[in-house]
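Coming up is one lone chain in structure tokens, specifically the form predicted on its own.
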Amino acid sequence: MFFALTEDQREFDGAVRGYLADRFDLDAVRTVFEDTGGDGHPASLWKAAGEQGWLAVLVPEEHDGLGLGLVEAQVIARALGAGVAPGPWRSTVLAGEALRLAGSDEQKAAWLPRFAAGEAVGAFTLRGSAPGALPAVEYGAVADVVVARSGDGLTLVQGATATPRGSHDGTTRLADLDAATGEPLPGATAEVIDELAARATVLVAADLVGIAREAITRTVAYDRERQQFGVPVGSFQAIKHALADLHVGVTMAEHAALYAAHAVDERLADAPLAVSVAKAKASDVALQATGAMIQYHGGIGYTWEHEAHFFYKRAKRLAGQWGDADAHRVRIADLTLPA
């Protein structure tokens, strides 16, 4: 079986990447990254996410969405990772997924169309056991509504008090939330919560492989031009072999993330295994590729003025989200080895 993106999915990927290249390039990313007192939520990028269907990708058609699947969502996540794009796209998509899978009809009708159109910002967290104290919530300070873990279920929280929390990664914003009450999501079973965690893990893995692919693409381009001893640095055997190995690793992680999205959407028996394989591979290779980006750009790669640290810091943050590589390797062993 040949497994790859369809033509429509590739066009979707190209549209997102094209917008970022033309309208929100790395200079725009730097503006957000360095504005440590800002909300990290650029209006122009959010407008595009609403108008071009990035936010509507998983929202059902009856709620004004595109009704597509996790495969298409990971295409967007990968493109946003490659552009190290800031903003609450993933947090809003995951809040929408929680409502789609566990919300009441009234909750879905109230929020899903607004998420799809970019008229509301969502946040999603499974940290903690009650909505009263929610630590380090991505874009919690700008969210209109937060879906949070509450005991064995999920709660829809509005009006939380947000305290911004610093992050080494300037392409996101974190906040600690204090919310006394929330509205329960009636369909939040243990199985639904597990599926939401799997979907979140796949989207983070896709972001990481986007980061990794862009990091090695930029590094190869630079080392073809940079001269040392009268020849391109990329012609040195040690460098080109290392970059070739990274290319193989990134390609494997790309396919792992794609298959994991398919497996979760189709509820295949090996979906939990596929998710852990994807996250372990993506976490490892993103750190390797962004580290190589810094090293193989020579002295300039270590400077604040160069963009390499955007990629490395985002990879460093996401590598540990929803389980780091070691945690997922343990899970792989638990799933595959006899008891």
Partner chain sequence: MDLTYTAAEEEFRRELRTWLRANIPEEWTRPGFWEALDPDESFRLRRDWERDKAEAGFAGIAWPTEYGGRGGTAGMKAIYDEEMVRANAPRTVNALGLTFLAPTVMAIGTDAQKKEIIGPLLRNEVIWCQGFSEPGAGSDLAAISTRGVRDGDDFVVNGQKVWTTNAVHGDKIFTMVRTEPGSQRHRGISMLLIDMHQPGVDARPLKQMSGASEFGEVFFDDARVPAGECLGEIGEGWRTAMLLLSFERGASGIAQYTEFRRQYDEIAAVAKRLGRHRDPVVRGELARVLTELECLRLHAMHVLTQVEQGRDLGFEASMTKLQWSETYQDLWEVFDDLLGEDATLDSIDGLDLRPLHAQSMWSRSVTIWGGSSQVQRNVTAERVLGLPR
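Not measured: the values here are computed from a predicted model. Positions refer to the first chain, counted from 1.
The form predicted together with the partner chain is left out here; the points below concern that form.
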query: Proximity to the partner chain in the predicted bound form, single hit among Ala175, Ala256, Ala82, Val145 (heavy atom within 4.5 Å); finding: Ala256
query: In the predicted bound form, the one of Ser167, Gln228, Ser235, Thr189 near the partner chain [non-hydrogen atom within 4.5 angstroms]; finding: Ser235
query: Check all three, Ala162, Asp194 and Ala269, heavy atom within 4.5 Å of the partner chain in the predicted bound form; finding: no
query: 4.5 angstroms heavy atom contact with the partner chain in the predicted bound form for Arg127; finding: no
query: 4.5 Å heavy atom contact, Arg329 to the partner chain in the predicted bound form; finding: yes
query: In the predicted bound form, Arg314 touching the partner chain (heavy atom, 4.5 Å); finding: no
query: Any non-hydrogen atom of Asp334 within 4.5 angstroms of the partner chain in the predicted bound form; finding: yes
query: In the predicted bound form, segment of 270-278, 61-69, 23-31, 38-46 with a heavy atom within 4.5 Å of the partner chain; finding: 270-278
query: Contact set, 240-260 vs the partner chain in the predicted bound form - heavy atom within 4.5 angstroms; finding: Lys240, His241, Leu243, Ala244, Asp245, His247, Val248, Thr251, Met252, His255, Ala256, Leu258, Tyr259
